[in-house]
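The chain below stands alone and is given as structure tokens, in the form predicted on its own.
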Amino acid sequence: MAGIYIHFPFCTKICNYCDFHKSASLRLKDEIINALGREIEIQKDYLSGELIDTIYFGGGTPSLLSAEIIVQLIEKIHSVHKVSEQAEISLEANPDDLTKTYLKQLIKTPVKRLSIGCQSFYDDELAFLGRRHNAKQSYEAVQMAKEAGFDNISIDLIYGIPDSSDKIFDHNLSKTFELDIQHISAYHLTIEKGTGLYLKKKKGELNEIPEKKSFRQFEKLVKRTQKNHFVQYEISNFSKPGFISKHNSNYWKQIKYLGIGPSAHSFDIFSRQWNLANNKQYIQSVNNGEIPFTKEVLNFETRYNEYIISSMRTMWGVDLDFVEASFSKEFKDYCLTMAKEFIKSGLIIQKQDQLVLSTKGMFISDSIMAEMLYVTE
């Protein structure tokens, strides 16, 4: 099994927090679409004939693509890969792109899972984030998607927003559960270098939310999703039973995937590579039959570290038997040694031969995983 990710690098407006590769100019849109199809052909052997069970359109804003173009790209994948009849095909969408007409067209395509970037149901927060839709559009987009026939809908939420109150966060969660959707991806706001919020922070125009308040919101998120019958299968992802995102899970389970488009990442177990994050140069290279990418070959220790980082994020955690079988008993012992203090403090829970993060551990997962990594002198 393997997955394919297609990166569509265009947005009509750049959000204040986004550090993904994108452009607000649509001038090269048609050329990028043609290059995406060409790269699918050029990269046909990357996955070594693996059955494709997930296709994910991300970006950028892939909901700027017409239903016709989406179908053409999926058909191109079918022409060079064997695709499972039950393949999960997802499309990221902005709420204001999801008109009734577009949704009627989209439901007729192989796309059956929508990931809608609501982020908040409060207008002031959306304005702060630089989103191009309002709270009403967020809510109505999900309703219209359901009316059009979509029954596998995920929405994105952002918490940890400066000046956000617990009351506002409660409101966002209540609106989310009102919509009776199948999946939630909820991310703590991070202020990344090069974004609009980073510039504001640098100028002293905003202060990040206190850690205690952030944890309170995260704890509330976990409790309320549980109450509403969602499973937290990864730190930031929650699903109703039967609706875990296959594509996202493949990343964390270290299953092969191919990234198509400028800046897209690929993974074949033994190496990672990422395409050049420059639209014009990407187009020129692909039109010449070449893929402009940087590659990193993963050594034994790096593969172990990647397993720790990816698996510790999930409800399945680190499988100690797998560590011993795939790496060695030395690595299993090392893993247990590094986890010992975290187990004592309740940040990691040991369930027989599994190590999983507690709720408190999830909130500070980056620092825990940093300590768990195998580091040579």
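The structure displayed is predicted, hence computed values, not measured ones. Sequential numbering from 1, following the sequence displayed.
This next part talks about the form predicted in complex with a small molecule, which is not shown.
**Student:** Counting only non-hydrogen atoms, which stretch in 182 to 190, 201 to 209, 290 to 298, 274 to 282 is within 4.5 Å of the small molecule in the predicted bound form?
**Tutor:** Stretch 182 to 190 is the one.
**Student:** So, R131 and the small molecule: in the predicted bound form, are they within 4.5 Å at any heavy atom pair?
**Tutor:** Yes - in the predicted bound form, heavy atoms of R131 and the small molecule come within 4.5 Å of each other.
**Student:** Could you confirm whether A93 comes within 4.5 Å of the small molecule in the predicted bound form, counting heavy atoms only?
**Tutor:** Residue-level check for A93: yes, a contact with the small molecule.
**Student:** Answer with yes or no whether L98 is in contact with the small molecule in the predicted bound form, where contact means some heavy atom within 4.5 Å.
**Tutor:** Output for L98 is no: heavy atoms all beyond 4.5 Å of the small molecule.
**Student:** Against the small molecule in the predicted bound form, would C18 count as a contact residue? Criterion: heavy atoms within 4.5 Å.
**Tutor:** Because a heavy atom of C18 falls inside 4.5 Å of the small molecule in the predicted bound form, the answer is yes.
**Student:** Which of I74, I158, L173, A87 has a heavy atom within 4.5 Å of the small molecule in the predicted bound form?
**Tutor:** Of the candidates I74, I158, L173, A87, I158 is the one lying within 4.5 Å of the small molecule in the predicted bound form.
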